[in-house]
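Both blocks below hold the same protein chain, though in two forms, and each is given as structure tokens: structure 1 and structure 2.
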Structure 1
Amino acid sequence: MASEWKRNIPKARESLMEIVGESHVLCEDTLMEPYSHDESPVVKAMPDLVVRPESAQEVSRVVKTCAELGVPVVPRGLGTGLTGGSVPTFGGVVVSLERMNSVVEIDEVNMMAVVQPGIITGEFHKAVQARGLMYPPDPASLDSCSLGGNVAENAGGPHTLKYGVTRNYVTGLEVVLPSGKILRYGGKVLKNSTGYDLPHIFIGSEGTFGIVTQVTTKLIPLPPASIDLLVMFSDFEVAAQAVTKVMQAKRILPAVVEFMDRESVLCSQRALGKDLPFKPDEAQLLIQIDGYSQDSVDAQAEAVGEICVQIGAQDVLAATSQQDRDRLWKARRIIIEAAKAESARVELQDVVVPRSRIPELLMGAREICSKAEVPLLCIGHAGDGNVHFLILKKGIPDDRWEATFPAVMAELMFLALRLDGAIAGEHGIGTYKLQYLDRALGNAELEMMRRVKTAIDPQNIMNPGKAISF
């Protein structure tokens, strides 16, 4: 990217201060440093400016100013992304949505909510749950990520298995386009076949098409009954096979089937600093059944437990007290953080395969990492075929790491492709996976993506260098 626009930064700074007020334009390195990275390893770049608008009108004026001056704009939620999406690779202005964090409306009659993009996803969950409603997409980072970031990444989570991803809940969007124009698409309607489905083109576009300034989502009644099962396996491969067996059970659709190998569980146990309410085995499945009648949920849980025992599970524990359930879920949710506490560098590979291929994926990943002698943790939303491989550098010397690690990452992605899967299940491409995109997609698809990007953002100022390269 040409850097002629860099000369325009002082002018941009002056104009942006007029729009959002001096205190919401950051220009000192110490204040901008938190906006120079996300949660991905090694992707880091300093912005030229950070701006924190508080309304769609302010976002619009900020983007218009940047477009006129040719300055790149990088939308940012809460920086929990794992592929470098909100990192200003080429510099420019980071537009942080952190101040736009309100619930605008919870419409109980239509079972819809209207929210600002900077709201923490977990806070939104609590707000709708207080009304007996549920917004199902639940990334493991829900206590620290934003709904706008979820829309931009089409985030999923453990409950994707039964309830789907962010895309399945968004019915309307307000977006500031790269020109600064504000567009509103869709609304509180459950179906809409008026022309192209434009809102959905923005979902999963990683901030490259515009800035989401308001989201309308549908809600569902909160299922009052649920049960969490922790299933222990002394054989990793049997645990992998159990995922597909459980999913084949007739008339049962678990809300969650999460996979954790022994090393992941031990790692999260060390981070919690106390024993978990179970002993770590070779691998475990965390299975949740939910529904609208406790009897039905209990009967389904029993059937699932029996399937697991038949295939070779050592033990099936039902977490009945809220305290045990919280501990189980905490142990699952903190694994990435726990791994980071033990290894300065943790690489995370997020791939997805048809769930019938889960055993091949898990066994194949183990083989790749053991050949390369790199420590691997396997976790993930295995019930929907989406697994995360965490590769820890730990004490591996830099030269051996540099010689081994890139090939390991590539092999894991190619393994997923060979198994009819995809190289990103829910964390997007960002910059982290850009070099693999041409192996994952054909020339015609890449060309179509470039043409769509160019049609929406002819100047290529909106989050340049992410999701697609030119």
Structure 2
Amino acid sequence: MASEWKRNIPKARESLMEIVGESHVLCEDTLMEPYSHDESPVVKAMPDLVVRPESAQEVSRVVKTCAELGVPVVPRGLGTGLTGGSVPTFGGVVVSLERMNSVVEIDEVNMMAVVQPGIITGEFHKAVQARGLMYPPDPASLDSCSLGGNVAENAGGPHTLKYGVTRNYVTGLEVVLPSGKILRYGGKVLKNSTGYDLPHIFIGSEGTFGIVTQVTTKLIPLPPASIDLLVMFSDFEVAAQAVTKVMQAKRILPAVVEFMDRESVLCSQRALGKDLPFKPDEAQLLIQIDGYSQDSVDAQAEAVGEICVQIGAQDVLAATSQQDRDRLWKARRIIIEAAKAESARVELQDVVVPRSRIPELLMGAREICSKAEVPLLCIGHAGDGNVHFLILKKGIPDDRWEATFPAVMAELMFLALRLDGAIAGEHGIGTYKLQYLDRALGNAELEMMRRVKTAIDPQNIMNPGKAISF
């Protein structure tokens, strides 16, 4: 099968050049190399071609051409994924949406926006905030990831706790199907029960059902008041109890509840080259309260602080100015860069468990990595149970790493499942986590996923080998 479509690559190149222009079809290895990987150090594969269209019509023609020639198509945003979702595992044509990066419309009256998929999420945030509005989903890579990629992964971020994930804000999509046909569904409406909810089939499908070429999202008013709290604990189980108590309290709903373990804080401290303005205790919570009344926000923040102290917090620091906020968040914001400064290879993978079981997850993860003598940092979203493991190669010889790391990752994934969790909270399955999928889902669920994939993409040319295997 592969040998048949490989012979069609020269013909595909000529046709694609006619569609998007010669300068936007890349075929030299040096130019295609950036498209051969994402942010995961594990998954890498060279495409046969890279094409950079600038409109839905061009994407449609590109996909139709590839479908006719049987050539695999791999949609790509800005390549910030962590599971190989945009990597051309089997070769084929990478369709990069980097040129489709405009905010088409910000409709202040209806509080809606229409954007192209290549827009950087952080730039979209700034555009709507300038109008006094907010688009809440905020993945850690928001300054470099694309909104189309967020749709493909159903991205979340720290504000998921209060505001939800990407799926909660998309009200309409324009998608190019594997046949090249353009599907449009939804729009600037908050309710729509006209037939099946088609946009939500595509959200989180990791580009295996089609290529998103336009997104309509709802917006909310930008909360004018906020306070950030840094709460320190000498015991992670106590910190988890504090999170539970805060979430159970009446009239309190934090916008953000993040955590870092001691090793993460120390790693950030080493990267900064100076002590942080707080003690690196066993666990730290970063809690943000926001709202439309400063008095209300102040009252909630005071109540949260009291709850944490009663549970056993060592200290609570509050920040209202941007300068003070930056000081509190500094360690959290640089942790990934700090880890990479200490280790040439850093594996960053996520799982999710009920938030009450985070202590069990962290204790189990530490035991697994300690036994394997592999350095581990833990950060994540305490409010929704989404934990991110940073596993560092740091001084481990290549042969021992290659022999040890796969088993460590498998144990971490299966630990999350034993704790009633899931193997991906917001990073997706991609190709990297396919090996754990049959343990995470039952036969009935897997078969249903395969039937949906086959119905939408009978040729299996749209991002093959991702999210589901055959």
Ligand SMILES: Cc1cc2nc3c(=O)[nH]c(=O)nc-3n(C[C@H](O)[C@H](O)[C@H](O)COP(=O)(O)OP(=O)(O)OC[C@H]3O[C@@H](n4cnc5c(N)ncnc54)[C@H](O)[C@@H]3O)c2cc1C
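As the structure is a computational prediction, the values presented were derived from the model and not from experiment. Think of the rigid core as the biggest set of C-alphas that the two forms share within 1.5 Å after superposition. Start at 1 and count along the sequence of structure 1; that gives the residue numbers used here.
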> Which number goes with the form predicted together with this ligand?
Replying inline: 1
>> Does residue 108 shift between the two structures by 2 angstroms or more at the C-alpha, the core having been superposed?
In response: no
>> Once the core is superposed between the two structures, does residue 268 show a C-alpha displacement of at least 2 Å?
In response: yes
> Does residue 209 show a Cα shift reaching 2 Å between the two structures after rigid-core superposition?
Replying inline: no
>> residue 238: how large is its C-alpha shift between the two structures, with the rigid core as the superposition reference, in Å?
In response: 2.5
